[in-house]
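Next up is one chain by itself, shown in C-alpha cells, the form predicted alone.
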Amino acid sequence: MNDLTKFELKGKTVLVTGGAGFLGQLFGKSLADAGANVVLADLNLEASEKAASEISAQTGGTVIGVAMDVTNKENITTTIEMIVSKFGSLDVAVNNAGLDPKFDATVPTNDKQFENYPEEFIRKSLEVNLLGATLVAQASVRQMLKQGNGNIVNISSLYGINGPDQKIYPEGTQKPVDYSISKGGLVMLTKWLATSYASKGIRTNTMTLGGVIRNHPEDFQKKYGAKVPDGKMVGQDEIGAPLVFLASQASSGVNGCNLIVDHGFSAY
C-alpha cells in the first residue's frame, strides 16, 4: 500500500449519523467518492433514503439510508447488526448527528439569554449531541472489538473549543450554551475512547469545524470573517477530505487528535 492508496476506503463500511442533514450529506458524498460503503442514518427515513439515492447517483458508490435514533440503544444496536449483516463489518462510525440551536430574532429577548434559557432545551441537546454520540460509540466499540479493529470520528464545532463571540450575532441574541457544552464534551469523549481502546485496534479522533458557509446573511459573514485570518468561512468542499483522511489508513498513526478545520479562526 503506497501513500496515495492509504486514502482509499474501498471495501470499508462507514456509518454516518445525522446522515440526511447538511453536513451528513457532504460527508456521505466524500466517503462514497473514496470508495466506502456508506450508511446514512437519520431519524427521518425518507430523507436519509433520498440523500443516499442522490449521492449514489452522483458517485456510483454504494450508499444506503436507514432510520436510526441516536438516543435509543436498542435502535442503534439493531442498526449496527443490520450493517454488519449486509456489509460484513462496521469499519468507521462518524458521530455527526446533533442539534444546532440557533438564535431566534422572533423570540422575546429575555427568553433567549442564558440566564433564562429553557432547561428542556439544554437537556435535549445534551441527550442528542453528547449522550447520543456516546451510545453510538458504545455500540460501535462492541462490534469493533469483535472485528479486532475500528475507527470512530466525532464531529465537533469551533464552539466546542472556543467560547462564542456573541457580538457577531444579532443584538439581543446569543449562540445558545447547550451547543457549546455538548460539542465540547465530544472532544473529551474522543480522548477517553482513544486512550481506552487503542490497544484493541480502535482509533478515535475528533474533527472540529468552523462555520461552514450555507446561506448565511452577508452581515454575519462579514462579522465572522473579521475574526478569521483569511476572512473566510469554511467552504462546503473543504470538509470531506479531512474526514476521509481520519477515516482512512492515511491517518493510521493518528489517535486522540482534534483535527480543526476553521481557516485559522482558533489560531488567535
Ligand SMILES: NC(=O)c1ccc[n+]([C@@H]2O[C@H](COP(=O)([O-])OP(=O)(O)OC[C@H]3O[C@@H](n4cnc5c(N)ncnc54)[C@H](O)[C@@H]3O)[C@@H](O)[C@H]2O)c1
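Predicted model only: the values in this text are computed from it and were never measured. Start at 1 with the first residue shown and count on from there.
Keep in mind that the form predicted together with this ligand is missing from the display, and what follows is about it.
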Quiz item: Can you check whether Q166 is within 4.5 Å of this ligand in the model of the complex, heavy atom basis?
Solution: no
Quiz prompt | Interface membership of A51, this ligand in the model of the complex, 4.5 Å heavy atom rule | solution = no
Exercise. Consider L40 of the chain shown here, and say whether it contacts this ligand in the model of the complex, taking contact as heavy atoms within 4.5 Å.
Key: no
Self-check item: S125 within 4.5 Å of this ligand in the model of the complex, heavy atoms
Solution: no
Quiz item: Pick from 28-36, 197-205, 57-65, 41-49: which stretch has non-hydrogen atoms within 4.5 Å of this ligand in the model of the complex?
Solution: 41-49
Self-check item: Those residues of 15-30 which, in the model of the complex, come within 4.5 Å of this ligand by heavy atom
Solution: G18, A20, G21, F22, L23, G24
